[in-house]
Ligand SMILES: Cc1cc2nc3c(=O)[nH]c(=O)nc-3n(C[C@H](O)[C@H](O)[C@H](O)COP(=O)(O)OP(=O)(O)OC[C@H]3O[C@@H](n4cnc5c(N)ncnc54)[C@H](O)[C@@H]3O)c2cc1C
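What follows is one chain in structure tokens, specifically the form predicted on its own.
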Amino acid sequence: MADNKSVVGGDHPNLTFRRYKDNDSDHGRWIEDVVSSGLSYICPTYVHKTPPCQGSCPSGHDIRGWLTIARGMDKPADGSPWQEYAFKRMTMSNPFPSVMGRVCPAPCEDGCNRNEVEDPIGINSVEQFVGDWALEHKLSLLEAGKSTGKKVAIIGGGVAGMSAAYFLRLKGHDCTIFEEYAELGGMAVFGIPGYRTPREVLEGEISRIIDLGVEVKLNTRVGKDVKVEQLEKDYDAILWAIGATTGRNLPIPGADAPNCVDGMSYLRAFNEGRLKYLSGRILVVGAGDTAMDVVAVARRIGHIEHHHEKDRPENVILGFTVHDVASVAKRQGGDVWIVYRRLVTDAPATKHELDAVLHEGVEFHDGLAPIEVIKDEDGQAKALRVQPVKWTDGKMENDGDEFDIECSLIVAATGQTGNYEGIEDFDNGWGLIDSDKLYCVKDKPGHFVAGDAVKPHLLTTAIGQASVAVDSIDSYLDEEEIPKRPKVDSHHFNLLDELRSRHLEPEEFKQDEHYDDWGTDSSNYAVHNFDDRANAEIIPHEELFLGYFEYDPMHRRTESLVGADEILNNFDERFRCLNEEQTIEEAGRCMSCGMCFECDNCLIYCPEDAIYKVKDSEHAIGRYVATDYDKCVGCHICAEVCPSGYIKMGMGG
């Protein structure tokens, strides 16, 4: 093959027209070598696989599905706005699109095959636009299912508990949320600063779930105000979604000082409006997303040099007092440090959050392992003693003499645990609840769990676990064995559902009439020539024809990065939503991995005119083209030029 470096849309190494590299002469699998003189007995079939964005999403979003709607390819059958249609598709798996479009670190974008071309699809951006549009136009969620008469108690009103309530109502089960605090939302309210998730957005998405008929009991702690035994009598199943709302203290001497606090308590004090300023240098130990929120808040609220003893920040964080609003006028810029034992390049925080806090004036001191909190004569922490370290082959080694960093407040952001007072039987010893892969609590029939109580992770993980747990609850309530989950466990596109929505579903199969039928290409009782492998396979970029896609960088949301000199008292939302035109264009960048996006390549390049468009009256997503097997010669060209990897050779001709 000639050394042709021709690319589409510019000089980009990944955008080559060719499937094969220079000097690639190794023979493939002999079983696949079936073409002789341009002919074979193997004909095309249409194979649906899971795209990597969906495979990377802990909540199993049908991302490709709602991007297909946003780009205008999948049009609503009832003529409703595309945003409403996309919202319905989104909320099949996630009732919080506006929130998640803002705060999710987007593992889906990390997995996106478009990374092999230039930039990933701005999935969060499209999700935020649709979610905000739905709130603005007061859209409701999917309707609750027909009542089953079954009742489920949900312990905890955070994202996991609220999502579980939503999925339970879709199945027709009644549910009651028992929430310890005075409002719903959990860590989405108390742990994430409001400038990242506007409260009206979160409250709007919570209200839609409650409107489905969810009973809520606030200021009610299970284990104290109501006993587990009583819930077991009153409800048919119990879902634990209590989260991990308590931060872990530093495991070093002196960490019991009153001004050595945990990140969860600190963020709760801020989000409840009690903590309005700090004092002196603030040291934050840890470099995850919680640490980023802690330091970002610290830079925004600043510090006051002289204050009353009762107004010390730790007294506010520990709940002993509340800051006076009048004193806010005295605030100055905060002196905020991150102390991390590994290198900054190893920080587990989302990269854009880390970059943002550094831009805002936070100092990052890496390679320092905390070894002791140094106290003054009053028992207050006055410094953090650290040991410089280096890492060799994953092992930490001392790298210099220890020294003290003076400070006024130390915030530990190194992990979270749950509060099991009154429910000690559920504590696995690590402040979490043990469960199996189906989110059944071990050795406690009728009890299920989801969210951070399983293991602290992302909000989208809590949503996904709630969905799986509700499926398990549904089987349990029906007194059925809880089935195994598929290998690729997501809310997959279903061709039959798509056909039914357009009244194109196959006719009823009558065994006595069709038992001896051979072949289904001309039958109306079967979906011919379609193979759904989405439950088992994620399609890699190697199966796509990347040369089809022009260089088209991501439409990025405008980010209002604030410098160190302007950050004090700046609580503006960081990301500005794309407009409708930008959203549609961004969705149009999707490569529709594992599903036809109607590019016409197979129609254009088929030398025998064997591939044809289905009639407009029969058209649906996944049913755009078909093959005339009387004409097909098995040349494989259609599969070679299919950009999305949807066409495979496998039908016997």
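Each residue number is its position in the shown sequence, starting from 1. For clarity, every value in this text was computed on a predicted model and none was experimentally measured.
One more form of this protein exists, namely the form predicted in complex with the named molecule; it is left out here, but the text below deals with it.
Comment: 181-189 is the region of 478-486, 181-189, 400-408, 424-432 lying near the named molecule in the model of the complex, near meaning a non-hydrogen atom within 4.5 Å. No member of the trio P95, L212 and S472 reaches the named molecule in the model of the complex with any non-hydrogen atom inside 4.5 Å.
Residue-level contacts in the model of the complex: of L239, A160, V130, L168, one residue has a heavy atom within 4.5 Å of the named molecule, and it is A160. Residue-level contacts in the model of the complex: of I304, L458, L495, L275, one residue has a heavy atom within 4.5 Å of the named molecule, and it is L458.
Although the partner is absent here, E314 is not a contact residue: none of its heavy atoms lies within 4.5 angstroms of the named molecule in the model of the complex. Taking the partner from the other structure, the named molecule in the model of the complex has a heavy atom within 4.5 Å of a heavy atom of Q416. Not displayed here, the named molecule is approached by R196 to within 4.5 Å at the level of heavy atoms in the model of the complex. Mapping the unseen interface onto this chain, K444 falls outside it, with no heavy atom inside 4.5 Å of the named molecule in the model of the complex. Along 243-274, a non-hydrogen atom within 4.5 Å of the named molecule in the model of the complex is carried by G243, A244, T245, M264, L267, in order along the sequence.
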